[in-house]
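Below you will find one chain, with nothing else, as structure tokens; this is the form predicted alone, and questions on how it binds or moves follow later.
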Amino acid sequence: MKTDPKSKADLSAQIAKAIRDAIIEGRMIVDERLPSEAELSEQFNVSRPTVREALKRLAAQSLIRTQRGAFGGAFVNRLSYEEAYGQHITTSTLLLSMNGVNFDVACEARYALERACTPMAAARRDPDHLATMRAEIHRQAQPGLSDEGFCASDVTFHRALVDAAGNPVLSYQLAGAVEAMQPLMNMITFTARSRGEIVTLHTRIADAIEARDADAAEIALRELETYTLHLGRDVMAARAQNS
């Protein structure tokens, strides 16, 4: 591992990248202890504060963990899908908001990804997934539920559908779609949409998943996509006219 003196990145970032690359490429394995700060300082020919900053960067990415005591130090961390969800959702949210992804593009991507997991969800769903979906449908039908509560329930319903596919890699990839794209779409459409229409479509989706009917679930998802697209376009058109 070494740094590039010609690189414009600061030394701590270069050190963090060198160690990250070693972990990703398998040259450093899970639970392996990293060299001490003094050893890394000598290896990279930098000060210990610079090494310390590099280790902080790696810890922030959940790539390493630190332990105190006689057998302490910094160790390569085993990153779980659950731990990675938060970072993925944050990154997806920032990408969408900072790069001005338009509503149609976000909607198209979000539903295309979810439809991809529908056949697996229909085949692999278990009682817990179905119970979550039914509970959220019941919650969404309550007249006293706030807009924020309805949006949160909407996300939980679709998260259960995705998780029912039983594929952790797919669930991770869809975390950004369901928990980043969907809330942003909800913010645009919540004032115009019919809760009754959403509940009806969610019920059809849950019924189809329970019956292991992937085709019916996909049809209902496509209708939900069409409904969401029309709502978003109407809202955006009204906003443009008012401005």
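The model shown is predicted, which means the values in this text are computed figures rather than measured ones. From 1 onward, residues are counted along the sequence shown. The term rigid core refers to the most C-alpha atoms you can superpose between the two forms while keeping them within 1.5 Å.
Omitted from view is the form predicted in complex with the DNA, to which the following refers.
> Run the contact test on Asp10, Arg33 and Lys56 with a 4.5 Å heavy atom cut-off to the DNA in the model of the complex and return yes or no.
Yes, all three are in contact.
> Sort through 40-48, 188-196, 170-178, 203-211 and report the only stretch with a non-hydrogen atom within 4.5 Å of the DNA in the model of the complex.
Looking at the partner contacts, the answer comes out as 40-48.
> Consider the chain as shown here, without its partner, and state which of Pro119, Gly166, Gly149, Gly72 has a heavy atom within 4.5 Å of the DNA in the model of the complex.
That would be Gly72.
> Find out whether any non-hydrogen atom of Arg27 is located within 4.5 angstroms of the DNA in the model of the complex, and reply yes or no.
The answer is no: Arg27 has no heavy atom within 4.5 Å of the DNA.
> How about Ser62: is it within 4.5 Å of the DNA in the model of the complex, going by heavy atoms?
No, Ser62 sits far enough from the DNA in the model of the complex that none of its heavy atoms falls within 4.5 Å.
> Does Gly26 show a Cα shift reaching 2 Å between this form and the one not shown after rigid-core superposition?
No, the C-alpha position differs by under 2 Å between this form and the one not shown.
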